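First comes one chain, alone, set out as structure tokens in the form predicted alone.
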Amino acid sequence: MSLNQILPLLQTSTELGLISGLTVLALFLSYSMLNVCDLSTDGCFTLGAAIGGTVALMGHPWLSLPAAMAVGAVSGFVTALLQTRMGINSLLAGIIVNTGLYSVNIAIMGGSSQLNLNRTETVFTFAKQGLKGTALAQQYQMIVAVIAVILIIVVLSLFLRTKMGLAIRATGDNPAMVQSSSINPIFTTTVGLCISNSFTALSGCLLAQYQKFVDINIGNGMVTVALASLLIGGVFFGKRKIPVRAIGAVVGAIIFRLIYALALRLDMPAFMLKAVSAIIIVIALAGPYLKTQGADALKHWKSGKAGA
């Protein structure tokens, strides 16, 4: 593979990794901090893409960003409502919302399963026009993605240091203790899921405008991609401060996209990419355990050899 082929591959993978990194940050909040596995991620991602594409087609690409985050928060609220007020298991609540969002997303897209944004102004085309004639003119997509990720990491890091953020983290660690401390775990869970789903929807909105195309299946497998990316980031940035762990989550997303891109470059069939995702998750989850087991086995072998 020549340098002329590698550089565009790296750039595209990085851009996609940054955009999907927003979904990884959503799981960082809901899964790592709140200890809730939200399976509505796929539908919420598509919801953000549908809103992003529809509002952009109306001529308001910048308005699509807060609009996507708002509807994402509503999706998170419904998921939280099902599991906290109706006694539905968190996994089932996510599946129910994800299923219902399929119909909602079709309705938002005007009954169509696809939206074409090729001739539509997006936040990326605005950035391209703004940077025209500068040294960064060719990096406009990267710049938009980087700005979005930096803003979300800063907001998330500051939020998790507030009283509410600390309450959310405590809820994930020990809900019973939180309740005995006069903190309402129902409220903290609801707030956490609303914020995390708003990040997911923003990610979907940006991807829709990045590729100038929305498909009803655009979010399929996003929860797997985000979880794998989160675990990859945890391997390198596990026991550190919140901002560093958040950055690690985004780095994990970029690494995951690079692995995907390399798999495609090696002529791996597209249907095998799901298997690649599964293998990455298994390695990330089982890696620390196998490392510990290997170290213990080596220790026993050395002590047995010394005793002999």
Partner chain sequence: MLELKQIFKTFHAGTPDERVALDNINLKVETGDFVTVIGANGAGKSTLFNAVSGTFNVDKGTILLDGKDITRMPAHKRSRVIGQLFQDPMKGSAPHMSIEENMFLASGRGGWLGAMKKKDRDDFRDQLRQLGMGLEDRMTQQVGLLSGGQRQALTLLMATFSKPSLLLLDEHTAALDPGTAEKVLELTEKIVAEDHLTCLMVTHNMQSALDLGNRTLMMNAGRIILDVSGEERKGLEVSDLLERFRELSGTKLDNDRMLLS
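Predicted, not measured: the structure shown is a model, and the values here were computed from it. Numbering follows the first chain given and starts at 1.
Absent from the display: the form predicted in complex with the partner chain. The rest refers to it.
Chemist: In the predicted bound form, which of the listed residues (99, 129, 114, 179) lies with a heavy atom within 4.5 Å of the partner chain?
Modeler: Checked against the cut-off, the match is 179.
Chemist: Considering the partner chain in the predicted bound form, which of 184, 138, 217, 89 comes within 4.5 Å of it through any heavy atom?
Modeler: Contact with the partner chain in the predicted bound form is made by 184 alone.
Chemist: Taking a heavy atom within 4.5 Å as contact, would all three of 162, 167 and 173 count as contacting the partner chain in the predicted bound form?
Modeler: Checked in the predicted bound form: all three residues contact the partner chain.
Chemist: Only one of these stretches, 154-162, 200-208, 223-231, 102-110, has heavy atoms within 4.5 Å of the partner chain in the predicted bound form; which one is it?
Modeler: Within 4.5 Å of the partner lies stretch 154-162.
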